[in-house]
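The data below hold one chain only, encoded as structure tokens and taken in the form predicted on its own.
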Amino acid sequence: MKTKIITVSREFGSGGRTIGKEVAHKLGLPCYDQELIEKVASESGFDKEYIAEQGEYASESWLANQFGAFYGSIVSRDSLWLIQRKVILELAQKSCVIVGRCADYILQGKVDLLTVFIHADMKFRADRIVRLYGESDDSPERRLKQKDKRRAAYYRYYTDIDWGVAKNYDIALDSGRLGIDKCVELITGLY
């Protein structure tokens, strides 16, 4: 079987991680999300929490000043990017599903690739993060906007491409309208 990779990019709270894991399960493939963080941590020596946050999101201060308030923070982020890229390229030697981390960009033109973007309206995502993650903030919408803004800035910085724009992906699915199960069905059908 030829190596084929599915990358799942997603808005925060849209269920993209869940969809990616379920697609991998149904296709009998490994799914790399938290597992990718662990591999990057083991190769880099960076803390898993740092990788989880900095390996996909621009920090609030980084958004305010893209050159960073401190030179070392740029070096750390760029070092993390290079290690994360290396790990993604290694994982892509075998068919798998990779969630987030600019994998769609890193792997383009290198493997047989299906790029997916999962999105949903604000109400669906807010309800979902309150229900699943126990968000108790007065405004889960504010948290969603912040997370998405930080993901978009990170993606733009490292790829020079706009995150979440449908034309940049093979398929963009609205998990709020279609439902998680239908998104899984559609993606697996394209594999």
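If you're wondering where the values come from, they're calculated on a predicted model, not measured in any experiment. For every residue, the number given is its place in the sequence shown, counted from 1.
What comes next is about the form predicted together with another copy of the chain, which does not appear here.
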Region of this chain that lies against another copy of the chain in the model of the complex, out of 152 to 160, 120 to 128, 43 to 51, 26 to 34 [heavy atom, 4.5 Å]: 120 to 128
Touches another copy of the chain in the model of the complex: residue 113 (any heavy atom, 4.5 Å): yes
Another copy of the chain contact in the model of the complex: residue 180, any heavy atom under 4.5 Å: no
Heavy atom of residue 166 within 4.5 Å of another copy of the chain in the model of the complex: yes
is_contact(residue 22, another copy of the chain) in the model of the complex, heavy atom dist at most 4.5 Å: no
In the model of the complex: members of 172 to 191 within 4.5 Å of another copy of the chain, any heavy atom: 172, 173, 174, 177, 178, 182, 186, 189, 190
